[in-house]
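A lone chain, given as C-alpha cells: the form predicted alone.
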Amino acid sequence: MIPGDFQYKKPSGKQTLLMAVMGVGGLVGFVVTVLVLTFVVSAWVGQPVIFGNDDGPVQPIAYPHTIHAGTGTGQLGLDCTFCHRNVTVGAAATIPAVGLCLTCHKTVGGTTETAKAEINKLRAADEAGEAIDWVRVHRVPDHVHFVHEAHIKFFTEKDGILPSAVCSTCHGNVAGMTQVAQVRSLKMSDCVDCHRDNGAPTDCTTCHY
C-alpha cells in the first residue's frame, strides 16, 4: 500500500453491534425529547397533551355522571353538592365516602350487567372497609390556592343559580360525561380574566399565599 492511501477496513462484529446500539439509542433519545417538549410546550400554552388520555382517566369504578347528574329521561338530576358536600363550606370539593354511595346502592343494583358489575365493586369495597382510589381529573399547581366555597357562594348569590351551574364554569358539562375529563386549561389567565370580569381582586396574594 502506498503511504497516504486509504484502505477500507470492514468493522468487526462487536463494532457493528456497537454502532447499531448507538443508532437505536440516538433514535430513542430523540423520540423521548420530542415527547417531553410536546408535553411541556402544550402544558405551558394550554392543556398538556397526554396521548391516549383525551377522554379523561379511567376510574377504578365507572361512575356515569350522565345517569346521576343528567336531567333527561331516566336520569336522576342530582346537584353536584349531593356528592361533593364540602364544596359550599370548604376549599376542596371532596369526593364522597363509600357509605354515601351505599345510601342508594345497598338496594339499587343496576339495570344492566355492566352497571351491576360496577356497583358490586362498590359493595365489595364497603364490605372490606376500603376507600375507592379515585383518579384525580382536575388539578392546579400546589402553590395556587383555589377555595371552592368562596366561588360557589359568590355566583349563587350574584346570579341566583344552583351550585351545579357554577361548577360547569370550570369543569364543563360534567352531567353530560360518562367519563369525566378536563375540558378547560385552568391557566392563570382564566382566573385573572374571570376575576376582572366579576370585580374580584387580582392581586397575586389572592391566590398565591
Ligand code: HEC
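Start at 1 with the first residue shown and count on from there. The model shown is predicted, which means the values in this text are computed figures rather than measured ones.
In what follows, reference is made to the form predicted together with this ligand, a form of this protein that is not presented.
The shortest heavy atom separation between R123 and this ligand in the predicted bound form exceeds 4.5 Å. Though the partner is left out of this view, V174 does reach within 4.5 Å of this ligand in the predicted bound form, counting heavy atoms only. Among heavy atoms of P141, some come within 4.5 Å of this ligand in the predicted bound form. Within 4.5 Å of some heavy atom of this ligand in the predicted bound form lies at least one heavy atom of A150. If you take 103-140 and check each residue for a heavy atom within 4.5 Å of this ligand in the predicted bound form, you get T103, C104, H105, V108, G110, T111, T112, T114, A115, E118, I119, L122, W134, V135, R136, V137, H138, R139, V140, in sequence order.
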